[in-house]
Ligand SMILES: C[S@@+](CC[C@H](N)C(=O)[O-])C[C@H]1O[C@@H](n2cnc3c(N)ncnc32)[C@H](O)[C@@H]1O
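A single chain, nothing else alongside it, follows as structure tokens in the form predicted on its own.
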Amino acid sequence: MNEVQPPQSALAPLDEEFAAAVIEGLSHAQKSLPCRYFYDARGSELFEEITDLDEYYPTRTELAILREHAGELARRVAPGGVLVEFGSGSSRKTEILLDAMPDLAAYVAIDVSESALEGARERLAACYPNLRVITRVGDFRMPLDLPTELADAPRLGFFPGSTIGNLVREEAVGLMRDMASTLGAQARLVIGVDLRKDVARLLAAYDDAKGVTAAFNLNLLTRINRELGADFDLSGFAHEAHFDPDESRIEMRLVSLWPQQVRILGRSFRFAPQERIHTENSHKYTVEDFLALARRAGWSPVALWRDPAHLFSVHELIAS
């Protein structure tokens, strides 16, 4: 049975950008929803659970790489620099860099989740009382304005988690160009990139046995119900992970289990049995393919680090 939703007038103020993205995505022949809207408070909690799953190798592998090489990276960062993290989430990985760089002037965290930023700010203030922590809620593609006294400080960008893989290739090039513009000439960027590997291992990482990734995917419909007054029946949709070899990417989808109709903000959307909503891409690269994209975006390689099994890579780049 569907939960009865209150009228939009009884809900929180409408997020016009979120509403427009949902309506547009569901209006296409191939329905889709932007993955950036996964991260409400509950979505952020579920993603943190995903990172601790046995099947989900990227987080623990990247953490190990960063722990091993943070000292080497830190030696190339000038004292008084600013660490800028794009899509910071809980900032767990950031602490590895902060421990290795005690002479930083400031850390700037940019994320769409206000709750994740607030939690990170409180924890970092306790761990690093002398570090200036600046948070920015919003899309990390937006221009970054730093306080005047930090405007000319050397900048190191940090983009872990292989989030770059969520973008199609041209979007990835565009984002890295934007990062180069934000950080400035001769700035550095540390970026995590997931590598191509056995398909069975990839699928397990995005469709875990405990169903946490499924809950994470379905939570997007819960958010639409709550914030836009929609009437999605979550029991009528199932999580699906699929590997597209031509695009070298995992695709996450929500599959309609039977014919159904959903109303959102006065609009009606019909779903046929087995019709899919595309919710996320996660591209997997070879090192050579990723560096080709980085060069197109105005970055040159400085260092490359991988785990012994070559599951994951961390790149240090410098802006031309």
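Everything numeric in this text was worked out from a predicted model, so none of it was measured. The first residue of the sequence shown is number 1, and the count goes up from there.
From this point on, the text means the form predicted together with the ligand, which you will not see here.
> Within 4.5 Å of the ligand in the predicted complex, counting heavy atoms only, one of 95 to 103, 160 to 168, 196 to 204, 236 to 244 shows up; tell me which.
Residues of 160 to 168 come within 4.5 Å of the partner.
> Given that the partner is absent here, does S113 sit within 4.5 Å of the ligand in the predicted complex, heavy atoms only?
Looking in the predicted complex, residue contacts with the ligand include S113, since a heavy atom lies within 4.5 Å.
> R36 versus the ligand, in the predicted complex: is there a non-hydrogen atom within 4.5 Å?
Output for R36 is yes: heavy atoms within 4.5 Å of the ligand.
> So, in the predicted complex, is G138 in contact with the ligand at a 4.5 angstroms heavy atom limit?
Yes, G138 is a contact residue.
> Is there a heavy atom of N217 lying 4.5 Å or less from a heavy atom of the ligand in the predicted complex?
Contact with the ligand, no.
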